[in-house]
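Okay, here we've got a single chain as structure tokens, the form predicted alone, with questions on binding and movement later.
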């Protein structure tokens, strides 16, 4: 079953074509890496999938439903059942780890007991149960990265979108977190769309790779 699809999608910033006539299908549960050199449009592809941008041409589909096309976003990001881990993590520093995870669950309307159970389960999966009441700024870079992953997964999304998630970590932490991402994928079965320019990360993460090239 197709989970995510681009149909001849193009996106421009001013006079610059960032994505041009791009088509692909990603099946439910797949691990797909979008790779290519810096500046070639990989992050733009994720933002189009997530609903933060509208395609100038073409259509974006999720589970067979057209969610954006021809310059319009028809389904807003919060209704797409996608989780996203940003390159800069985008954790809320004034909220605890628990509250960072709870934010999306409140928006989804989960009652308090269900939120607590989901948060405890998700933090246990990323081995951060002891950090629930800590603030992100008090955590190491690797711990912050795991919080970002946990927050994205707490809502049990259809797909997890990850934008260069390991680029600011040392090699040892990159290896550890690659293993953890693969473990979480095996446990939860979500579709994974992972952006990187690292050939090593692509080799570790990808069941399939889609190369994104420079548009002209």
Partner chain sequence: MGRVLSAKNVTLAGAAAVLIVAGLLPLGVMGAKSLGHYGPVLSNARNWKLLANSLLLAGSTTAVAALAGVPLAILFGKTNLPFRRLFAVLFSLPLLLPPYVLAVGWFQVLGSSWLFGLPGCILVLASCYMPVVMLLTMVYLRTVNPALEEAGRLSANGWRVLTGISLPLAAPGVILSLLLVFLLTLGEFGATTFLRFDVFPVASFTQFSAFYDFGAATAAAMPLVAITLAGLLVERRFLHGKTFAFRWAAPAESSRIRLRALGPLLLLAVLAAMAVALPLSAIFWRGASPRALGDAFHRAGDSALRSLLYAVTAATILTPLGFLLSYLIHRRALPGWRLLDALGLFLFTLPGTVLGIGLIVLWNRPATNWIYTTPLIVIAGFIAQYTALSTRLMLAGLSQVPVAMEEAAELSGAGWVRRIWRILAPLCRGSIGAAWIVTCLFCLRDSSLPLLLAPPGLDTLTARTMTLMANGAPDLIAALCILLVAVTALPLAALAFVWRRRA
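Fair warning: this is a prediction, and the values are worked out from it, not measured in the lab. Positions refer to the first chain, counted from 1.
Absent from the display: the form predicted in complex with the partner chain. The rest refers to it.
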**Fill in**
Partner-free chain; cross-checking the partner chain in the predicted bound form, the single residue of 69, 50, 158, 178 with a heavy atom within 4.5 Å is 50
**Prompt:** Heavy atom within 4.5 Å of the partner chain in the predicted bound form: which of 130, 113, 78, 121?
**Reply:** 78
**Prompt:** residue 107: heavy atom within 4.5 Å of the partner chain in the predicted bound form?
**Reply:** yes
**Asked** Taking heavy atoms and a 4.5 Å cut-off, does residue 91 contact the partner chain in the predicted bound form?
**Response** yes
**Request:** Answer yes if any heavy atom of residue 126 is within 4.5 Å of a heavy atom of the partner chain in the predicted bound form; otherwise answer no.
**Result:** no
**Message:** Check residue 86 for me: does it contact the partner chain in the predicted bound form (non-hydrogen atoms, 4.5 angstroms)?
**Reply:** yes
**Message:** Just to confirm the contact call: exactly one of 59-67, 164-172, 184-192, 149-157 touches the partner chain in the predicted bound form at a 4.5 Å heavy atom cutoff, so which is it?
**Reply:** 149-157
